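Presented below, as structure tokens, is a lone chain in the form predicted alone.
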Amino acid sequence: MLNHSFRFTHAITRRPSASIIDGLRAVDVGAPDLALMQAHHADYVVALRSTGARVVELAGLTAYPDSVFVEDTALCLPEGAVVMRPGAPTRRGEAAEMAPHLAALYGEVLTLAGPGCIEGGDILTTETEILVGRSARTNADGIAELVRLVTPWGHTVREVLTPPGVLHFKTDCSVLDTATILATPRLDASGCFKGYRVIHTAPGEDACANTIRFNDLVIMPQGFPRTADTLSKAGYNIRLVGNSECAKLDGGMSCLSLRFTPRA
């Protein structure tokens, strides 16, 4: 069983590089503003650090335009880290770049060998299980290999489906506490969260479903007042961070960090 899935002592982030304008995107709504993205990223790091966590900021990788989205490179569990094999071939080098940084903090780092693929954005870790959404970036072979790697650590993996047209499973959901999920109505309608308490995003605010619970904060993107109000009234400590530029590249709050507590 997982333990306190939202409490962390560490986080790893990577600064956006100038090549971010060439990042992958499902729909081209214009190039991100690098200076504004950097400012938002700095605010994000401040929010993480405000909880007392140790935050490692890695330098941007010009060779990998999407490398600011570090979550896709690994799954971090108390027992160790599993380096992913991204479904986007141009991003696989990002995972290799992340591996030594994880090795420096963990006693054990495993790597998916393939041929399957899996990205961290499709993995939702709750108190009792690891949900993995099959998507355009994560396939059955990748999920099967992950199962083989984390089962010896005592973790249960459950395969679920990402809604059509949604990049990653966590585009539409996030963990708020040990029993509660924030989700879009379309994802909750699939039944994948049966047994959990589910809070829906407000109508027209699906894009804020990707938030993170990081210690005592719920860090969510600016611009979604009704959902933020719902969460505040439910007792959560909300911290708003700009995400307009990352959103142009299908990125959200969880995408920007790896969050973990290495086992001592």
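Please read all numbers here as calculations on a predicted model, not as lab measurements. Residue positions are given as counts along the sequence shown, with the first one as 1.
Absent from the display: the form predicted in complex with citrulline. The rest refers to it.
Citrulline in the model of the complex: contacting segment from 162 to 170, 148 to 156, 103 to 111, 187 to 195, heavy atom within 4.5 Å:
Among the listed stretches, the partner-contacting one is 162 to 170.
Using a 4.5 Å heavy atom cut-off, state whether residue 133 contacts citrulline in the model of the complex.
No, residue 133 stays farther than 4.5 Å from citrulline in the model of the complex.
So, in the model of the complex, is residue 66 in contact with citrulline at a 4.5 angstroms heavy atom limit?
So residue 66 counts as contacting citrulline.
So in the model of the complex, does any heavy atom of residue 251 sit within 4.5 Å of citrulline?
Residue 251 belongs to the contact set for citrulline.
Partner contact for residue 11 in the model of the complex: citrulline, 4.5 angstroms, heavy atom:
So residue 11 does not count as contacting citrulline.
Within 65 to 103, the residues that have a heavy atom no more than 4.5 Å from citrulline in the model of the complex:
Going through 65 to 103 in order - heavy atoms within 4.5 Å of citrulline in the model of the complex - the hits are 66, 69, 71, 72, 91.
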